[in-house]
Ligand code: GDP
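Only one chain is given next, in structure tokens, and it is the form predicted alone.
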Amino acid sequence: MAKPVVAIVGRPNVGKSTLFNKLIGSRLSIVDDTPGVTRDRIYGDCEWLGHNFLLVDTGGIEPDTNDIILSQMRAQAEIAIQTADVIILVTDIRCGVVASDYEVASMLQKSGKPIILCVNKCDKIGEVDPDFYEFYNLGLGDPFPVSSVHGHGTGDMLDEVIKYFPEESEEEQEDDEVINVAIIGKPNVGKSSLVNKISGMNRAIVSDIAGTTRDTTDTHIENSYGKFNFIDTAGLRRKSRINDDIEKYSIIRAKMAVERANVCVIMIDATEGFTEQDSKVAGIALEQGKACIIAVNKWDAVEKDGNTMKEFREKLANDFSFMSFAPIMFISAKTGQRIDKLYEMIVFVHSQNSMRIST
């Protein structure tokens, strides 16, 4: 089961990034007194009372602004809100309740998601500042006094957060016989085409437009090789080339898909060869210790001679020297070339990784 997602939102400069860093235990977000420093969503793993979840830091929300950067930050925060299981709204007791707080609270209430109201910068120990009670006017229930700098009150706040985590349904409970396979890679390498070829039906939308798959889709297959659940993920692309804010959230979805997977099929475009993006995608699977297969797709579109595959394999082995354990396969999602061999390889690397973990 994928980890729950908790989004930290609020207007600029209320201490969201400081709170994020305190909760995950590291200075992953840049902290600065200048509003708008955190422009992109930043995510990190968090744990509280045995519950593991993904914490997402967002740029400050300015509900009514014509500033391009602030508008983009607002759009990214809205995406985080849409995909979160629980939302922490951070406010600032030093400023009191301001008009922007009301507007952000109203936007969050429309999402229908559980909202935890955090009143930050309550740094004094003892009685709560009388201004604290003003935050009840936001209509979000009991606020939690928190000091993101010192950590005061974060435990009570997280106790409330985990109450809203979704319970694992019977369908989501792990089946030891099923191999969960995450298909990951940069946009337009043929991930959805591979899933469609495997399933024999148009399970996922296929398009030549990079980034068509914005979320993950599961395709369950049972055949002579075993039981499989193929997880198709949104493609990952360089930040400098992202024009659509929705794409920026795809890396979190890919990370969550990899967490669910036993095996990761890292797809490479044979017509383009190895790229920096491929290395970053592989790194997500590598850091989680997953069994991996490097699948070179669109092999049917490559002009070949007697040494083409050998030379391509040697170059890839050098490019992927940091994960030399991963076998390299040459496939075509379009024609179905070596798809049967891919099944065999998935079963093999899964068994090998299972033995390694057991040892």
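Just count from 1 along the sequence shown to find any residue number. Note that this is a predicted model, so its numbers are computed, not measured.
This protein has a second form, the form predicted in complex with guanosine-5'-diphosphate, left out of what is shown; the following refers to that one.
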Open item on the list: in the predicted bound form, does each of Thr83, Pro114 and Gly226 have a heavy atom within 4.5 Å of guanosine-5'-diphosphate?
Closed with: no
- [ ] Just one of 300-308, 287-295, 315-323, 44-52 has residues with a heavy atom within 4.5 Å of guanosine-5'-diphosphate in the predicted bound form, so point it out.
- [x] 300-308
Task: Contact label in the predicted bound form: Cys95 to guanosine-5'-diphosphate, heavy atom within 4.5 Å - done: no
TODO: Report whether the minimum heavy atom distance between Asn180 and guanosine-5'-diphosphate in the predicted bound form is within 4.5 Å.
DONE: no
Task: Heavy atom of Val128 within 4.5 Å of guanosine-5'-diphosphate in the predicted bound form - done: no
Open item on the list: Within 4.5 Å, heavy atoms only: does Val149 come near guanosine-5'-diphosphate in the predicted bound form?
Closed with: yes
Open item on the list: If the cut-off is 4.5 angstroms on heavy atoms, which of these, Asp123, Glu160, Glu134, Asp218, is the one near guanosine-5'-diphosphate in the predicted bound form?
Closed with: Asp123
- [ ] For the stretch 181-198, return the residues whose heavy atoms include at least one within 4.5 Å of guanosine-5'-diphosphate in the predicted bound form, in the order they occur.
- [x] Lys186, Pro187, Asn188, Val189, Gly190, Lys191, Ser192, Ser193
